[in-house]
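The chain that follows stands alone, in the form predicted on its own, written as structure tokens.
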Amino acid sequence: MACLVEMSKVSKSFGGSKAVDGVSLRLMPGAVHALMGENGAGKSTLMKILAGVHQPDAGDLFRDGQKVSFETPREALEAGISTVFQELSLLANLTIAENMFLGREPVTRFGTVDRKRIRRETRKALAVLGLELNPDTLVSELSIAERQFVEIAHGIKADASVFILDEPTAALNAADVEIMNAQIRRLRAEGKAVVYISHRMDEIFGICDTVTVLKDGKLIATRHLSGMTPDSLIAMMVGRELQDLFPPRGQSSSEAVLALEDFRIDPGSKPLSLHVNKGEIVALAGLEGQGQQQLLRSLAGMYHLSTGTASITGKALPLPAPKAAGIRQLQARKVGFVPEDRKEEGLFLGLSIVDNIAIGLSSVHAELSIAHDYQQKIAETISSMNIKASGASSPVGALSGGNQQKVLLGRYLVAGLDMLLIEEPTRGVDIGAKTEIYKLLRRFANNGGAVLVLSRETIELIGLCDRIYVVHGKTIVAELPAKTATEHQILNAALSA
């Protein structure tokens, strides 16, 4: 069977750094091809070459056996190669229809833009994905999941035969993931080639046929997934087995940092009680959308319906927490809140690493206090957290996902807090960076800190945490010791509730 796309011995350097070094890749029709590797392995650069964002320094590209070169993303799209990058490319101030036809707007016989046709064809492209969105809706009004689907619909509208999906489910809930996977299977059944970049093992083994692994810009191997296991794939990527990802559990004390009693996420929900002790990492597990995030955000004033009793190190936390000052209220009690969406809610992407970390140090002081020099402390934090960047003044927006997450965690770890409330600590982060983040959180706990964490990855919660609370219907339905917990037990508790 002839391949749709072949990349032969492709190389690309930026300055003195070789991002891609002699990599070859073949994409076959009717197949989903996983592309894996740690952050900085060269995955995104390789795909940006195929997408026309970058031009290779060496090597060749072939489309249906014919040698090609793409100077722009538009040329790649016209050749049938559609890319949905993790950093979405839609323009938020334009409508769905305007984004779908940007740069190739059809015109009427009078020379004006044919808006009726744009709306009609946009509605048709969205319907293929089962979407009933209004083509005149501004992209800024769409959810992250809807934006992902609009990007895919854009590729379908362009009649692409190769789809590059970069972390397509990183910000999706379980229902949206199923919709996404159904669309990927449909594309495969229609003879399309799909490149699937993800760090989630269950998705890789559930939907992909073949995997190519990159490391330090070089090709490690291409294998059929039918002959592999998650352990063997991880070992190929980072040289260690799955059980080696998590640091050993520590010793917790009986001293509660956070205690909730008769706590209701909203007035109509059942009461719950939980506690997190010094030296302990505790998980909130369960099916998507059962109240885990609302529970965490209630303490930060970002969800405002909670009632009951909450205390931090024995001192009462008013409920519901004030919307305008909930985060400040936590900070005053030496508690940090780490949101899931690091780009929109956590980091200042245009500011440097130093500035982003310094915010955590400054926030623990009064507004009109004397400015402090934190350079030494920040330098030590960057070094101890192994944040990889060209320098401390590098803008955070230029870092990989794993390094961005470490900067966000560094902001709170450097501030000398007693507790962290964390949503999705390793979302969109590669296996190597995950291991480093797990070690940082365990070190924080071993030094007397407490952590309450939620994650969609059950294996992560089992390996990282000491205890697991299973949440269903906005209340706690089970408490399990993480050391002996299994995915089956957690799912059974969530479903049987």
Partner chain sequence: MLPMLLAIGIAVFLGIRTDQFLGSENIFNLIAQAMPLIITAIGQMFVVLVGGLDLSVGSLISFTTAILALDAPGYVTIPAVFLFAALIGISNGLVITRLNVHPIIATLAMQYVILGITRILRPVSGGTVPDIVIDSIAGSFLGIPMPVFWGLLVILVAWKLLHGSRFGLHLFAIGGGVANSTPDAARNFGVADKRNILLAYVACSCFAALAGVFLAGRIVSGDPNVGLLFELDAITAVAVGGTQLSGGIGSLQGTVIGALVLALLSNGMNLTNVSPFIQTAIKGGLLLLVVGLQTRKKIGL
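Residue numbers count along the first chain shown, from 1. None of these values were measured; they are calculated from a predicted model.
We do not show the form predicted together with its partner chain, though everything after this point is about it.
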item: Heavy atom of H154 within 4.5 Å of its partner chain in the predicted bound form; value: yes
item: Its partner chain contact in the predicted bound form: T381, any heavy atom under 4.5 Å; value: no
item: In the predicted bound form, S306 touching its partner chain (heavy atom, 4.5 Å); value: no
item: In the predicted bound form, A325 touching its partner chain (heavy atom, 4.5 Å); value: no
item: Candidate stretches 288-296, 251-259, 193-201, 93-101 - the one whose heavy atoms come within 4.5 Å of its partner chain in the predicted bound form; value: 93-101
item: Candidate from S393, Q376, S226, T112 lying within 4.5 Å of its partner chain in the predicted bound form - any heavy atom; value: T112
item: Contact residue in the predicted bound form, chosen from K124, R333, R74, R186 - any heavy atom within 4.5 Å of its partner chain; value: R74
